[in-house]
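Shown next as structure tokens: one chain only, the form predicted alone.
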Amino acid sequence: MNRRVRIAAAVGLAALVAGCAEDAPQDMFQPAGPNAQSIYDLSVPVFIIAGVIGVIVMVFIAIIVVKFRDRGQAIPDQVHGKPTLEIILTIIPALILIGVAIPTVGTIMALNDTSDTECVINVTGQQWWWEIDYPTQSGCGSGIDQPIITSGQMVIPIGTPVLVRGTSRDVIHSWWIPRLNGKRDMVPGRVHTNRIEADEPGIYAGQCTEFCGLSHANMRMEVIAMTPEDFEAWKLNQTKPYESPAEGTLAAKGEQTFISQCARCHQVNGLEDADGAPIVSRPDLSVYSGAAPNLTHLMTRNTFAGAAYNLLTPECRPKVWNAPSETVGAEYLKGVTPDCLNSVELREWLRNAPAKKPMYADPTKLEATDGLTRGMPNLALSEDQIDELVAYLLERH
């Protein structure tokens, strides 16, 4: 066999094998909702058609390469084309494209239909994390009577069509949960909608698919689908009143450290100053995007820093991520307990966030001339302050 043919075959086989994996949380060929199922039903026959055509083309290329490889012979006699063959080879591809286009257009129109949605969730892309905002509404189960703001992980009830309203605060991002629906760009100044629905409880992973800067690859997200009962419990927990740590504890010191070091950007709902006035963060004065993740119930999530890092230890994470569908909601609702806290990565993040997640092309220039930063800066916290903050954040359930 010709050396070039062998190389081409080896590359093709390697690409085929690379696409095979047992543990693939972002596999579009494992649809878990009606929208993803529609994409799957369209993709499979198209891939089969494309595969058959690809094989035919490669076979003809191999025959030509082998039969007419250079052996020093003269240039073959040039002849005019065969009109009949040319017409056939034009009509057949046109018919194939028409056959693919008709169901494709129909599927796209169906995927864009959001008229049956029962729950509205706002998603805002930022460098490099996702803000998830549940506005007050009568939908989403029994309704939401006060806004819920979280980040990185969206929680939804199963069997409920959800309307995702997406935008961006900085550059173009792209929201994609492969097992629930296709991609949707999040564009500054515009609102794009997307419909998602999960058939069964589970954790469905996704990531930003539009290059958006240095930490594009670290901008991930998850959708946690729960039973309606578990979803109601999650909503109740997200709206419970703030409780200050017990006096004299390390967490109480952490509360003061949080106020002095973190509260200018990060919001904790219910946090008050010494005079009893609510402390409202002002990230618009410090961060280019004008926003930073809300940390009110940080430990009800199991990821942080744009879902790039785990709040659960490697030993505890499988208890949630690998839980069967009937218990995944209950496991997720437990939140992050002291024995399961991944304190190593959390401390590393507090010690030097830019070292964990690239934010600037030149790390020596972490601040622009206007004083704004992109992402979380290095706060130069002492080890005692880090201990205090970890203790305080651990109580944010």
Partner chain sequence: MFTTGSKFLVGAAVLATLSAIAYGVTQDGIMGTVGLGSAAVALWFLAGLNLYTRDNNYWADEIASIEQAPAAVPAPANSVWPFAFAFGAAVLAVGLVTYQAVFIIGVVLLLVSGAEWTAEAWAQSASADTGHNANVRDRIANPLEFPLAAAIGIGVVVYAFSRVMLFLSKTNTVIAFAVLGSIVIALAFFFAYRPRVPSKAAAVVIGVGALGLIAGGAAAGLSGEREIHPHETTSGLNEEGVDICTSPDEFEADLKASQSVSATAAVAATITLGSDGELSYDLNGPSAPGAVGITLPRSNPNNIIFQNRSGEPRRLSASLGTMVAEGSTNEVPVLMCTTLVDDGGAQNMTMRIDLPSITTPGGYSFFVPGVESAELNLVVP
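Numbering follows the first chain given and starts at 1. As the structure is a computational prediction, the values presented were derived from the model and not from experiment.
The protein also exists as the form predicted together with the partner chain; that form is not presented, and the subsequent description refers to it.
Here is the short version: of 296, 257, 122, 160, the single residue with a heavy atom within 4.5 Å of the partner chain in the model of the complex is 122. This chain is displayed alone, yet in the model of the complex one of 236, 246, 277, 280 has a heavy atom within 4.5 Å of the partner chain; that residue is 280.
Taking the partner from the other structure, the partner chain in the model of the complex has a heavy atom within 4.5 Å of a heavy atom of residue 147. Looking at residue 141, you'd find every heavy atom of it more than 4.5 angstroms from the partner chain in the model of the complex. Among heavy atoms of residue 241, none comes within 4.5 Å of the partner chain in the model of the complex. In the model of the complex, no heavy atom of residue 195 sits within 4.5 Å of the partner chain. Stretch-level contact analysis of 122-130, 323-331, 246-254, 227-235 against the partner chain in the model of the complex, using heavy atoms and a 4.5 Å limit, identifies 122-130. Along 91-109, a non-hydrogen atom within 4.5 Å of the partner chain in the model of the complex is carried by no residue at all.
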